[in-house]
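A single chain, nothing else alongside it, follows as structure tokens in the form predicted alone.
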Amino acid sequence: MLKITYFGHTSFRLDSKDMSVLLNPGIWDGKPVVPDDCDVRVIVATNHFDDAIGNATAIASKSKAWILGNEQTIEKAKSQGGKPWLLHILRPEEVYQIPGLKLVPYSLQRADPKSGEKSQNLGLYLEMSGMKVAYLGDTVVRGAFGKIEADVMIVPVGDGEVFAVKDAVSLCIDAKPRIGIPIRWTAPEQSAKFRKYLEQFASGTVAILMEPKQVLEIQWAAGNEFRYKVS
């Protein structure tokens, strides 16, 4: 079984029996989305901006967690006092694997929130507890994710910096995940349209709109039956 806890914005925690991974513990409106005392083994930030890396170094300091990210992200973590032995650079399409986790990063792009200039954002493909999760972070680029086989696809939906609703739905139609989760949306109608269009046009994909603190549990029952529950 894999448990996926949503903290809000783009922040998630993935928990299996042997592993815990925190994705994008960002700072939004000056406040951290994830508390400093969150106990995890691995933290992954998809880019170096505050809404992704957030308070990762504070969390890592308390839990002795690894921080993973691209070169800019790791330099940012160092400048914030991150312990060098807990930092690891992810390079596109190079597999990172430890017991309980297999992770493949892919190079995507995002716009600088202030200047609008393009910079690297890592899309993540994670395998934990026999489940496959595709996580795109902040991007308008699908890259390899239109062809990746995933049980869950977490895709940003919104305006300008991330996918328009129709493009996020198109990605899910092509990738055919069992579950599609929209993130980063700024208006309720964006997530509502995502669910509506996914139900209409993406056969076999269920749209789940998660609220902060909700937990999605996914598992293979009897070896071949995919089951999910939101609580």
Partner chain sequence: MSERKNVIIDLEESEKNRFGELSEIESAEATGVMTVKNVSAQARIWNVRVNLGDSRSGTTIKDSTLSAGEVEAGGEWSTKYGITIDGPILTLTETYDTCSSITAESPHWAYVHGKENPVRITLHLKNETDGQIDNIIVNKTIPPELTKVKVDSAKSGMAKFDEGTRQVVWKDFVIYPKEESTLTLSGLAHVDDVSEKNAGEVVISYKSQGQQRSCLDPDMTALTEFLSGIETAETEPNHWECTLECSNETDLIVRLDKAVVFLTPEGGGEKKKMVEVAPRVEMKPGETWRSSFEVDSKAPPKCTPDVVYTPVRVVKRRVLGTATKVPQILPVCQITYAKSFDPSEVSSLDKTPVEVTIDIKNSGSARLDQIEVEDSLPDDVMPPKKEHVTVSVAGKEYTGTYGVTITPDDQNPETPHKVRIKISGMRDSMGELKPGDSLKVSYAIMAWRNRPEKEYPSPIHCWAYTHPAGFAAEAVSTPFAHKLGVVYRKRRIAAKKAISKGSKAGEYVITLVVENKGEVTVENVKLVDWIPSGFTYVSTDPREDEPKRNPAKDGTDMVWTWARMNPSDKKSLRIVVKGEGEYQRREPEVASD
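Positions refer to the first chain, counted from 1. Since the model is a prediction, treat every value here as computed from it, not as a measurement.
Absent from the display: the form predicted in complex with the partner chain. The rest refers to it.
Exactly one listed residue, out of E93, D159, E149, E75, brings a non-hydrogen atom to within 4.5 Å of the partner chain in the model of the complex: E93. Just one of N55, Q190, S170, S61 comes within 4.5 Å of the partner chain in the model of the complex, counting any heavy atom, and that one is S170. Partner contact region in the model of the complex: 173-181, out of 39-47, 22-30, 173-181, 66-74, criterion any non-hydrogen atom within 4.5 Å of the partner chain.
Remark: G143 counts among the residues lining the partner chain in the model of the complex, judged by a heavy atom distance of 4.5 Å or less.
Put simply, Q109 is close to the partner chain in the model of the complex: some heavy atom of it is within 4.5 Å. In the model of the complex, the partner chain lies farther than 4.5 Å from every heavy atom of W185.
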